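What follows is a single chain, given as structure tokens, in the form predicted on its own.
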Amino acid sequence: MTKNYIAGEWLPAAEASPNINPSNTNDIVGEYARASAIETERAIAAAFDAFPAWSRSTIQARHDTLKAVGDEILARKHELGHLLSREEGKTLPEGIGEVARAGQIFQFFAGECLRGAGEKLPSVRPSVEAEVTREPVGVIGLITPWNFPIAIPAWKIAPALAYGNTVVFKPAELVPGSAHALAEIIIRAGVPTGVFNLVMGRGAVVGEAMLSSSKVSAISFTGSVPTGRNIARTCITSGPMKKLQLEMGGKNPMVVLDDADLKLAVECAVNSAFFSTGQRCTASSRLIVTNGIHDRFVAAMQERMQGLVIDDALKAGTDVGPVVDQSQLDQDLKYISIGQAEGAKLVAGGKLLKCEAPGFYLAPALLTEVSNQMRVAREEIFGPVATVIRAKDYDEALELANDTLFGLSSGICTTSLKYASHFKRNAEAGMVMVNLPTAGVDYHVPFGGRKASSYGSREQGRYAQEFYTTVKTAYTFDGNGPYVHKANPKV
């Protein structure tokens, strides 16, 4: 059984859960310990005790630690990518690419350790100076999802440590292998006892212990809207209010205008909707296509989808791997049925597939004749299921794109500078893509959305400091001026 890392020790637990390969359900990646509430509280206490020293450690020490983590991740990207794809189900090239991104994130934040900035300002009062600095927040509880089992942990852990916070990290139960491997690398890099803690297990146990602890100063969560709302409610109403950062999904549109390059538009749509098995919060599940290109686009999509190879994630040549588990597969199939019952037409895919080994294989599905009011166009499916919504023109396409509770990523395919520029300004999303897939962002720029997609400050890049630090304003009087006591001018 693989153990949790608490207070500088690898500790076993009373319970364990199997990590099952979705490409081959006969393959058990390993047995991973499930932490109890008591073990989680011990991890929180260790992080709390370690905070004073780590928060005052030198920027060079933190730089060296994070750089060592990034260097080892990159050196082992093929090995770690194989593990990631084996436990999560995204293709091996995608898995290796995600691991490389995690290494780059740690290297970026190693540099940020040395670039801490502040301000020294004159006060409006004579002989007074104002200094604005940033300080670490405290113990950060990090709760991450299964769809990016090393990149999302990296973009939370790296800035947390870089800015002097201590960490209690709870990965998703479906993907503990990548989290455990990352923890081993962080520990080898030399983080002091208590600075980093790994507690694997159920959200209802580990997560709740983190939310209810008065020693945890902030929570960063990526996952579903219902869970995010519950976390926000608990953090605000239970004990001292915690700083919150929530990333909660999307129902992202990809607009295709009449003037679009058809081949490019199809590639953008296929990548956005189906790569990583559609299990990305930035995936395009709404393809909004104007009248003049609609029929040609649908026909080209059907042809392109016929050529997709759906197979074992570790096999060379696989384009789309399996769905992550039976529960997610059932959800995908349910929404395909819901869409058809609402009047949508299934024109490609949507069927279970049998491959060499037993797994959760689903042919990517394309639904047409969809209205934006159908459930398949309103609710996040989180699988390889895309809907095509017809629009009269650009104005209606933009209106449909913005008509959603979510606002994470929004894309447009067009050769018109006029429409591209207007869309960038008027799309109600945190990220906008022009002639690019809606999924896929750089590590040095902010990530996040609007509406129900996100709450709190942005992740990644220099914007991460907004969450992982708190601002302090300090005033200094230089001894001269109106504040000097007249009888003793040197006081």
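From 1 onward, residues are counted along the sequence shown. From a predicted model like this one, the values you see are computed outputs, not experimental measurements.
The form predicted in complex with ligand NAD is left out here; the points below concern that form.
The single contact residue among Ser85, Asn165, Ser272, Thr144, judged by any heavy atom lying within 4.5 Å of ligand NAD in the model of the complex, is Thr144.
Among Gly407, Gly207, Gly349, Gly177, the residue placing a heavy atom within 4.5 Å of ligand NAD in the model of the complex is Gly207.
Only one segment in the set 198-206, 363-371, 133-141, 75-83 has residues whose heavy atoms sit within 4.5 Å of ligand NAD in the model of the complex; it is 198-206. For Ile152, a non-hydrogen atom is located within 4.5 Å of ligand NAD in the model of the complex, even though that partner is not displayed. Within this chain, Ile231 lines the site of ligand NAD in the model of the complex, having a heavy atom no more than 4.5 Å away. Interface residue remark: Gly89 is not counted as part of the site for ligand NAD in the model of the complex, having no heavy atom within 4.5 Å. With a 4.5 Å cutoff on heavy atoms, Gly249 counts as touching ligand NAD in the model of the complex.
Contacts between stretch 205-233 and ligand NAD, counted in the model of the complex as any heavy atom lying within 4.5 Å, involve Gly207, Glu208, Leu211, Phe221, Thr222, Gly223, Ser224, Thr227, Ile231, listed in sequence order.
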